[in-house]
Structure formats: structure tokens, C-alpha cells
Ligand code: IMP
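Next comes just one chain, in C-alpha cells: the form predicted on its own.
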């Protein structure tokens, strides 16, 4: 079974391949000059992209996947959100850090709450006329400086919240059974990142639903 992932981001493709390979699904990258939808909602953007992707699907019997994700920072009223890609390409990670320079506390728990943020992903899977939409969220906080060499996008400035034994995110300040110990997504390996990943959570929901696709 082949799944075409519409994205120009090699990092996203690597994550999807790692996830779907355990289920016998081959992931291939689908690239073309897509028109970026102008909308304030991730799902609306993703659904618009899936319509474009269908026109470029090599085999109409294959599956096609589109994902739209964003970083939502509480202190900035959810900014950059759906505009994450544009913000990353213009002011970058350093620009985001500068916007939050005034948010600091000597209390680690309070500091984390001041810089509270979450990654949110909307994944849309289409197969033979049927569409499934899934959401994945990874809560955490924004670091004070970039850290790590791996990852992509906002990974160098995002520290995920700790997880309990069942993989559920804990409130800022609580220490869980699974923790990056204050390291960002860019400072940990792909396998470890998958434990927290908003993309993994959205993809897991899609996998549970693939059986009902025609």
C-alpha cells in the first residue's frame, strides 16, 4: 500500500515513514507548486491542500496525506498558529525568542507557564473518495535559546511537556516517567521525539481509521 505525503519538508516525510513503516505502508513524497490557502483554521487549510494534491496523485488508487501544523504560543494569543510557516521563513526562531524576551521568572515552574505553547497538527488522509481528518497536540513551552542540531522548523526552541506512564502530557512543572529533561525537540533523537510528537498522535488516529477507507 502506497501513501503519498504532500509536503516539501523532508523532516516530515522521515517522521511519517518511520511511523507508517511499522504498518506495512510505504510513504512517498508528493511535491508540486501548491497554492497556499488563506485561512485562519488549520483544518480548513489542510482540506484545501488535499483537493490540490488529488490532482497530482500518480495513481488514483493510492492514498494521499496532507498535514498542516502550527506553533501556538499562549502569551501571543496563539500566534504564529496557522501563519507558522510564514513566520519561520521571515523572523525565524530567533525572532520568536525576541518576542518572548520579557517573559522570564526565577521560578522554573512559573517561567514555564509564562512561555506556555503547543504544537498542533491536522492530518487529512484521502483514499478513493473518502476523507479522514485527525488532530494531534503536543503541549510544552518555549525555551530561552535555541538548542540542538536535529529536527526542523521550531524544534530548536520547543520543549515538550513531560509524559506520564500512559503517554499523556502532564502540566508544566510536573515530572513524568518520560521526559526530555528540559531539552528541545532538536536536542533529542527522532525515536524519542515520536513519543511526544503532535504529528505522531494525529497519524496514529489516522492509522486506526484506515480500515474503514474503501
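The shown structure was predicted, so the numbers you read here are calculated from the model rather than taken from an experiment. Numbering follows the first chain given and starts at 1.
We do not show the form predicted in complex with the named molecule, though everything after this point is about it.
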Based on heavy atom distances of at most 4.5 Å to the named molecule in the predicted complex, which listed stretch, 108-116, 140-148, 127-135, 80-88, is the contact stretch? 80-88
Can you pick out, from 176, 37, 153, 173, the residue that has a heavy atom within 4.5 Å of the named molecule in the predicted complex? 153
Among 53, 69, 161, 63, which has any heavy atom within 4.5 Å of the named molecule in the predicted complex? 69
Flag residue 12 as yes or no: does it have a non-hydrogen atom within 4.5 angstroms of any non-hydrogen atom of the named molecule in the predicted complex? yes
Might residue 201 be said to contact the named molecule in the predicted complex, defining contact as any heavy atom within 4.5 Å? no
